[in-house]
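One chain follows as structure tokens, the form predicted on its own.
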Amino acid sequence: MNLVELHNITYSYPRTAQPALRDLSLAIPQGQFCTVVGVNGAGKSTLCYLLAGFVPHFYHGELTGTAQVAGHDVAQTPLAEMAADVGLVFANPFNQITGARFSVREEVAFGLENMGIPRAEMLARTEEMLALTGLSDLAERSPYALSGGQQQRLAIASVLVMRPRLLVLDEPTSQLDPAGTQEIFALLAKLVRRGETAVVLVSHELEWIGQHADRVVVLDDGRILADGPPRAILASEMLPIPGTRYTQAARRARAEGLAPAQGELPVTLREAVAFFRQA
């Protein structure tokens, strides 16, 4: 069963001459870790906003085609109803912290409070998310006293505690150091393995995508240019993205005659070690 069904979607922001998405069709099943890559301006963020209902209900503009997400007709479903089943995490976690609560625990529970969830259930769900995201030891700390990686995990926990069927993240590691980026990718992979949510992640972190994702969708000028398993996509030479650093190094070694001319190019570090051992 597909959680996302997009058919022939074309969308233009108000007062713009060119569509941000062009005749885009995409299906995402339950339990999949799907990543979206592409150059700046390819339509990645717009796709995230569509999946969460911000397009067309917040940004307005002109939308054609059909979009079904978590059982909702996006064009006909109010944003508040979409938020019950689709969680959106932005690139900067600081923008997602409410400022209305003084501790990490209270911040995670804030959405449940607003929904009127019974106290016992609210506390249980909050503690579960703190443990899942590795924030239990920081539960009494101010959200503003956390590192960037910790704040991003807090933003994810605050969304996950609502139990969305689909988690959409728009470049959540863009401001994180390598350790923080690794934390986020490991957490998302764990969530998918647990079967609690499907994940759509926009990211430029190709090495981690190659290690953790189930699928890579490449956007270019609002269209899907390629779609498939990470190994097939990230090692391709026909894409507007350069590939992982390991793929680039292997291509250079092959061009210099320092590596075998045949065989698959590496995408991850583990594959690169094996590849260069054969050289």
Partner chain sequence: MSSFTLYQPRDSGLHRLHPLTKLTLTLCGVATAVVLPGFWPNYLLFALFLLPLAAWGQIVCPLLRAVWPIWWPFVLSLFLVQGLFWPGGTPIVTLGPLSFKQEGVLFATAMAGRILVLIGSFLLLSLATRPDALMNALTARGLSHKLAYIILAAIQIVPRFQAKAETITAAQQSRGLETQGNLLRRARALLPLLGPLILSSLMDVEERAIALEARGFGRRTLRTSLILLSEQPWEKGVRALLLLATAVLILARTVLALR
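All values reported here derive from a predicted model rather than from experimental measurement. Numbering follows the first chain given and starts at 1.
Note that the form predicted together with its partner chain isn't included here; everything after this is about it.
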| task | Decide whether Gly111 counts as a contact residue for its partner chain in the model of the complex under a heavy atom distance cut-off of 4.5 Å. | result | yes
Though only this chain appears here, would Gly116 touch its partner chain in the model of the complex if you measure heavy atom gaps against 4.5 Å? yes
Check: Using heavy atoms and a 4.5 Å limit, would one call Arg101 a contact residue for its partner chain in the model of the complex?
Finding: yes
For this session: Examine Ser158 and determine whether its closest non-hydrogen atom to its partner chain in the model of the complex is within 4.5 angstroms.
Result: yes
With a 4.5 Å heavy atom cut-off to its partner chain in the model of the complex, the contacting stretch among 205-213, 176-184, 116-124, 190-198 is 116-124
All of Ala232, Ala261 and Phe276 with a heavy atom within 4.5 Å of its partner chain in the model of the complex:
no
Applying a 4.5 angstroms cut-off on non-hydrogen atoms, the residues of 136-170 near its partner chain in the model of the complex are Ser142, Tyr144, Ser158, Val159, Met162
